[in-house]
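A lone chain, given as structure tokens: the form predicted on its own.
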Amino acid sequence: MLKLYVHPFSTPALTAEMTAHAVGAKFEKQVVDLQAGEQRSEAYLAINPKGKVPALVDGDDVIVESLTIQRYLARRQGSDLLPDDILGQAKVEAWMDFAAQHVRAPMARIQFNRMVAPMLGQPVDENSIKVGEHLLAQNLPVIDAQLAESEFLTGNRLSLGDITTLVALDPAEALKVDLSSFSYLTRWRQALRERDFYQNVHTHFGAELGL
């Protein structure tokens, strides 16, 4: 059986976990205690020398990096969340990359400073928060405009691009990031959060830790 190493505050890890559910993969979930530094332990570094989550173990093989894990799981399970044709794949992967680089990355700035830094007793960088908010203000309208044209990001079928984008936005409420002005994105997000692949992980971001 597959073994997936995750943490509920890690959006890359949540992306891999929700993808595993969405493609119907059977897996054992292993939570890595990031607060305790388990990701730097000898045991975990033997699995992923990068000391990051997620990591996916399939027999004797280890796959790391969330987008790679998504593609691996979809291909392993024969899921249509990643199309067979190269043009279809390119369209899906373009949204995966956009979400990771232009939504997840600025959201991570806000998450670190509004959530992680206070937990660690580190100073909050308000400028970094402003940069993150500015980037989201630039990039979220792109997603909203696409969803005004189609039910999902690449047309009328759910794809890995939707899952990557959904999870990149998952901490919004916990971080006080207001998405209400993006009506098409909000409707799409609400619908996807009701699906089993999301509900099998949690009801909302941080639910596992009582947020």
Ligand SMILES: N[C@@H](CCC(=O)N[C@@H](CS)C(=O)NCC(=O)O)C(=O)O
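Source: prediction; values computed, not measured. The first residue of the shown sequence is 1; numbering continues from there.
The same protein has a further form, the form predicted together with the ligand, not shown here; the description that follows concerns it.
Even though the ligand is not shown here, does it sit in the predicted complex so that D170, L192 and G206 each have a heavy atom within 4.5 Å?
Per the other structure, none of D170, L192 and G206 touch the ligand.
Among 48 to 56, 140 to 148, 178 to 186, 23 to 31, which stretch has residues with heavy atoms no more than 4.5 Å from the ligand in the predicted complex?
Selected range: 48 to 56.
Check T154 for me: does it contact the ligand in the predicted complex (non-hydrogen atoms, 4.5 angstroms)?
No, T154 sits far enough from the ligand in the predicted complex that none of its heavy atoms falls within 4.5 Å.
Check whether R71 has any heavy atom within 4.5 Å of a heavy atom of the ligand in the predicted complex, and answer yes or no.
Result no; R71 lies far from the ligand in the predicted complex.
With the partner left out of view, is R104 within 4.5 angstroms of the ligand in the predicted complex by any non-hydrogen atom?
Residue-level check for R104: yes, a contact with the ligand.
Please determine whether S159 contacts the ligand in the predicted complex, using a 4.5 Å cut-off between heavy atoms.
So S159 does not count as contacting the ligand.
Residues in 24 to 41 with any heavy atom within 4.5 Å of the ligand in the predicted complex:
Heavy-atom contacts to the ligand in the predicted complex: L34, Q39, R40.
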